[in-house]
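Shown below, as structure tokens, is a lone chain in the form predicted on its own; questions about how it binds or moves come after it.
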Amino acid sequence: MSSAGRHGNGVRSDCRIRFDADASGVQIDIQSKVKSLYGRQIEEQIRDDLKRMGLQKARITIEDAGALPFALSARLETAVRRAGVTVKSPACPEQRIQPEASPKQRLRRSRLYLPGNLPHLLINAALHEADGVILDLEDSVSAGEKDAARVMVRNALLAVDFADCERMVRINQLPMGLEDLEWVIPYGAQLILLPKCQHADQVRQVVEKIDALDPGYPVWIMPVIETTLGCFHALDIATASDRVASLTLGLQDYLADLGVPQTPEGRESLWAKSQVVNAARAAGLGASDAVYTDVSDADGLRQYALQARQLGYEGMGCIHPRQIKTVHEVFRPSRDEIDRAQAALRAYDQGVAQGTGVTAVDSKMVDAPIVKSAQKIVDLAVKLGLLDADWRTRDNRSRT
């Protein structure tokens, strides 16, 4: 007999399924508080899933804690696979979301990490309005649950509505991560986080595997640089493929590699952060900082995010939904920044009309580099809906 899933005190939106292939026909025992309401529906789904997997004999025990159909199917398939039974076809739910490409240069202020094996965290992830959700197959999943997480993440990609969030998946370190791709690329992943990336060749291996799986649209890659060696190769990694959309830093692994503790000032990681963000900028890409690990320290999070923005990062990871609001506040331009950027661009336009490339606003010089910075602020304000795209002709103020 094999089993998969979770049940007990505190477990919700999940189930534990026990599977025994030594049975005559299909026998299903359902233990659930909602059996009177949904028992028949659950049994019909289990029978359909067994047929899909090519099984005619099975003894199934379900300890249900409110699992939705995609989670129920994932636990059943995992239990069957753990019994060493060959699955004819996977127990996939019907696909609700048609996969499509996410814009390469889209907003990536926040990305929320979600353990791939915990369905209750996946169901309502979109409500937190992060720019991206990361269905994690790596560090947040124990070694003994990697198989279950692959099935759960595949089914979540098919069945869970993540709304406007970019659908990211953090695979495992290569070579295991190459096998992970088979479970997520055909099912709607839009961006792959490649952990422990140290060489450009690792990016090319992932690109080759994605192309072989032929998702039908570009899937972007965000290499996670987490070692001193990776930092030295950051520019090679950023330019390894046009599928690389952004770079990020894995701070805790980097500090472990360096052999030093993290300090509030962050002096020990300043070189690495600068190396990663400058490599990304040199390649024409965005960069996203690491996570801030103390969920209860709101002031520390704000200071960490402010430092990241000052270094040139466009966003950072979040390990709890409560961090998202602060991160978005920090990584959006203030009203004063937008107003000053608009003034600089207007002054520059006027200067160009008068045949000069240099002008001034409030006694401060406005030349090409100032214009470039101002344009980035205005472009971000437009993306965030803080400014109309035709602001030059409407003479409006920012809406922050």
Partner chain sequence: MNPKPVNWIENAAGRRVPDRVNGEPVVPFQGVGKYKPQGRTAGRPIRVCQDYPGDGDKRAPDLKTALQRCGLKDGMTISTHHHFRDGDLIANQVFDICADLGLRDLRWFPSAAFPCHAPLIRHLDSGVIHHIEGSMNGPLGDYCSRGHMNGAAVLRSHGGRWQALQDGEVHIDVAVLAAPCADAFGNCNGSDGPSACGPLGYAEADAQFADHVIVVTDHPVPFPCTPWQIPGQLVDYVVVTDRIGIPEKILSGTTQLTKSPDRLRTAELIVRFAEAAGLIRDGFSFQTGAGGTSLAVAHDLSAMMKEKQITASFYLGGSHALPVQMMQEGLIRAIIDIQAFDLEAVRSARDNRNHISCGPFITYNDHGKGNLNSLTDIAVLGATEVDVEFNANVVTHSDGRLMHGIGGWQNCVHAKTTVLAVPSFRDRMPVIVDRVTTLSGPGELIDVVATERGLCINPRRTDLLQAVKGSGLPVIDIHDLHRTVLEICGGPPDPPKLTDQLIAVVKWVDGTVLDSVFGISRKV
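Numbering follows the first chain given and starts at 1. The shown structure was predicted, so the numbers you read here are calculated from the model rather than taken from an experiment.
Although not depicted, the form predicted together with its partner chain is the subject of the following passage.
Of the listed positions (281, 104, 325, 146), a single one reaches within 4.5 angstroms of its partner chain by any non-hydrogen atom in the predicted bound form, namely 325. Residue 68 is the only one of 46, 68, 55, 345 with a heavy atom lying within 4.5 Å of its partner chain in the predicted bound form.
Put simply, residue 40 is close to its partner chain in the predicted bound form: some heavy atom of it is within 4.5 Å.
In the predicted bound form, its partner chain sits within 4.5 Å of a heavy atom belonging to residue 36.
Of the heavy atoms in residue 212, none are within 4.5 Å of its partner chain in the predicted bound form. Proximity of residue 320 to its partner chain in the predicted bound form: non-hydrogen atoms within 4.5 Å are present. The stretch that touches its partner chain in the predicted bound form, counting heavy atoms within 4.5 Å, is 125 to 133, out of 138 to 146, 189 to 197, 125 to 133, 246 to 254.
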